[in-house]
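One chain comes next, on its own, written out as structure tokens in the form predicted alone.
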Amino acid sequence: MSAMVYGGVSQTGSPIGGAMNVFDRNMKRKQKQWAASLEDPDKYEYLKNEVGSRVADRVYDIARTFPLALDVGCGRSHIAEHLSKVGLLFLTDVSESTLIFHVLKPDGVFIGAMVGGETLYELRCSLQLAEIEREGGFSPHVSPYTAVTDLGNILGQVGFNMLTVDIDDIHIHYPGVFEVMSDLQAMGESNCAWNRKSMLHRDTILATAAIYKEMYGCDDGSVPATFEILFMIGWKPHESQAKPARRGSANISFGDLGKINQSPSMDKPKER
């Protein structure tokens, strides 16, 4: 799941080099197509709508009005519907061969959101405990996510500067684990990692439901599902942007910083 906005878009892109193949993209495509074929797919867009509104909030935090923006990979306009400070907005999908950094003009901004590593920790923990109890071992049933500590490095390696990364936790309450798993499937967000296990035994599912409710259940009988959303902002370099001072150019020592708030001495100078 990802939601991205680009400000200041150029006309060209460039191919991405080789990358680690973690996900079965054909399976993910089938999951998305199945979710889109549901009778009422908008019913399951609540999480993406919320993330889209929070991305839009970060666009408004930037004290600029963008004449052109590109809404990429955001599903049913989950970001676009919240924006009005963008003059012209294009909705599209970017192919694997397009490098985001090169799509932007100099001094263009990239604002993105994706699920983080702590997403669905309640479900993952419950599944692992249940599978160990019933089957003597466990396999990954939830797709792997990016750790927040990796985002800054990734953006910096691509070439972005003036980076900002922050986290929002979104907690959604469900009647039980079956509703959690059903909604994930209806969102098109089921596991598609190559190392996924193709089948989950009935006894394991029932044990998962019991463990989930025992460990995380609320007083009202519902169970929470946590979605850790990582928000990132990066700017394509431009000569007009502020630059860090040259190393060694400081004119005050860190050791003197504690003296800044000290009151000046009121003692009169001694007479000679």
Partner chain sequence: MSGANVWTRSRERMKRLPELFAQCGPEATAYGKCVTATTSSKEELRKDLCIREFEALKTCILSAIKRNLKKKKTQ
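The structure presented is a predicted model; accordingly, all values stated were derived computationally and were not measured. Residue numbers count along the first chain shown, from 1.
Below, we turn to the form predicted together with the partner chain, even though it does not appear here.
- Of the candidates Met162, Ile132, Ile167, Ile172, Ile132 is the one whose heavy atoms come within 4.5 Å of the partner chain in the predicted complex; the others do not.
- Contact check for Phe178: a non-hydrogen atom falls within 4.5 Å of the partner chain in the predicted complex.
- The closest heavy atom approach of Lys213 to the partner chain in the predicted complex falls within 4.5 Å.
- Remark: Leu206 counts among the residues lining the partner chain in the predicted complex, judged by a heavy atom distance of 4.5 Å or less.
- Under a 4.5 angstroms non-hydrogen atom cutoff, the partner chain in the predicted complex lacks Tyr60 among its neighbouring residues.
- Screening 227-235, 49-57, 63-71, 214-222 for residues having heavy atoms within 4.5 Å of the partner chain in the predicted complex returns a single hit, 214-222.
- Each of Trp34, Met199 and Arg202 places at least one heavy atom within 4.5 Å of the partner chain in the predicted complex.
- In the predicted complex, no residue of 41-67 lies within 4.5 Å of the partner chain by any heavy atom.
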